[in-house]
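Quick heads-up: it's one chain on its own, the form predicted alone, in structure tokens.
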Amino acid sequence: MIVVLVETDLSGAAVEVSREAVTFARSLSDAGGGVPIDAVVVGEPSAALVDQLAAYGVRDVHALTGEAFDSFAGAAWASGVLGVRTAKNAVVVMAAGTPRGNEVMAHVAARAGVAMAANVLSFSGLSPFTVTRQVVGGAALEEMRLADRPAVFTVAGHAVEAAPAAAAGGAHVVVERPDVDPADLVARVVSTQAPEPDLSGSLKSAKVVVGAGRGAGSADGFADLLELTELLDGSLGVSRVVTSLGWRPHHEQVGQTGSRISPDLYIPCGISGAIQHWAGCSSAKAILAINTDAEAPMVTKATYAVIGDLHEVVPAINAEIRRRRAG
């Protein structure tokens, strides 16, 4: 059996990356002959969440309840997940590669005495179970064998597209009230505050993203880039240096400390392609780089590249798009 830790948003629905993790688990289940998938959630789930997880092929939804789960505590969550794993004799325990997912799975692996693979993109074999994962902020890939059981890992965001199962039944709720060692609550969330509005939603879901880096030149150098963004019905994404200089707002930043995107097309303009930026855009299906430096990392990794000044190339692209549409 496969156990997946599922995180929820403020409305109680499964977050996208957790739905991606369940989708990944389903492909693993299919490869293993159809082993069942159970989800672990914290708190009693709503009927809508149960139906949502059932649609993704989940058999049972294990709800961790009790005072120990009123706020986040990585060790306590791991204790609850391990309890489900032991009861069900699960061969795989996994989660989405979020900060919480990685922390909880690290506790699970340490207590089970097995290795953990973080930010997995795919698997290539079951005997031995071999996964490919992102390392160095996504700048390199590593193949890792998880020979021991349970196999413990997290799935990198957007490694797969979240998709409901072709055929699914109903899911049952199993309320768990595990005993938690007080030592597992030493490190826990003790207070929370409302987050600032997340304005990056359109960037994360955009099919086309136009990127802008230091090559824009100044805060006044984005007019042509914004026009291209509008022409392609896309979103503007920028490098860290652009936000650090105050040229554009932080919610437009793509990279390790910004948004991770997976558009059909990414057009980075004047972006060198540092490791931190690549971590946020490496999942793009195609990359068209525009840069004056033919040896820039972004250019060498791109699907296509145009060597030139973005202030000359982008206006020419805009003019050609307008010409073709007018015709």
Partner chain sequence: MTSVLVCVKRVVDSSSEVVLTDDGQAVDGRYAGFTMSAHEECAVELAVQIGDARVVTLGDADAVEQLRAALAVGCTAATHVVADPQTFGPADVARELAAVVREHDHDLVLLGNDAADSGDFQVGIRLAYELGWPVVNGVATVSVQDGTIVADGAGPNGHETYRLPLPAVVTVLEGGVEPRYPTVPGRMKAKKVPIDERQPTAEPAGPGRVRLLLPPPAPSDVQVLGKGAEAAPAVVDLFERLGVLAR
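Definition used throughout: the rigid core is the maximal C-alpha set that superposes within 1.5 Å between two forms. Positions refer to the first chain, counted from 1. Only a predicted model underlies this, so the values are computations on that prediction, with no experimental measurement involved.
Form predicted together with the partner chain: not shown, discussed below.
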Exercise for review: Look up in the predicted bound form whether N119 has a non-hydrogen atom within 4.5 angstroms of the partner chain, and give yes or no.
Suggested key: yes
Check your understanding: How about A167: is it within 4.5 Å of the partner chain in the predicted bound form, going by heavy atoms?
Key -> no
**Study point:** Partner contact for A13 in the predicted bound form: the partner chain, 4.5 angstroms, heavy atom
**Key:** no
Check your understanding: Are any of the heavy atoms in E103 no more than 4.5 Å from a heavy atom of the partner chain in the predicted bound form?
Key -> yes
Check your understanding: the partner chain isn't shown here, but in the predicted bound form which of R188, H172, R149, R177 has a heavy atom within 4.5 Å of it?
Key -> R188
Point to revise | The single option of S127, N89, T192, S218 touching the partner chain in the predicted bound form, heavy atom within 4.5 Å | key: T192
Review point. Is it the case that F72, L141 and V313 all touch the partner chain in the predicted bound form, with a non-hydrogen atom of each within 4.5 angstroms?
Key: yes
Exercise for review: Would you mind picking out the stretch of 46-54, 60-68, 33-41, 293-301 that comes within 4.5 angstroms of the partner chain in the predicted bound form, counting non-hydrogen atoms?
Suggested key: 293-301
Exercise for review: Inspect the rigid-core superposition and answer whether the C-alpha of R59 shifts by 2 angstroms or more between this form and the one not shown.
Suggested key: no
Exercise for review: Answer yes if the CA of D264 moves 2 Å or more between this form and the one not shown after aligning the rigid core, and no otherwise.
Suggested key: yes
Review point. After a core superposition, would you say L49 shifts its C-alpha by at least 2 Å between this form and the one not shown?
Key: no
Point to revise | Cα-Cα shift for E103 and A284, closer or farther in the predicted bound form, minimum 3 Å | key: farther
Point to revise | Cα distance between W278 and V160, which in the predicted bound form differs by 3 Å or more from this form, closer or farther | key: closer
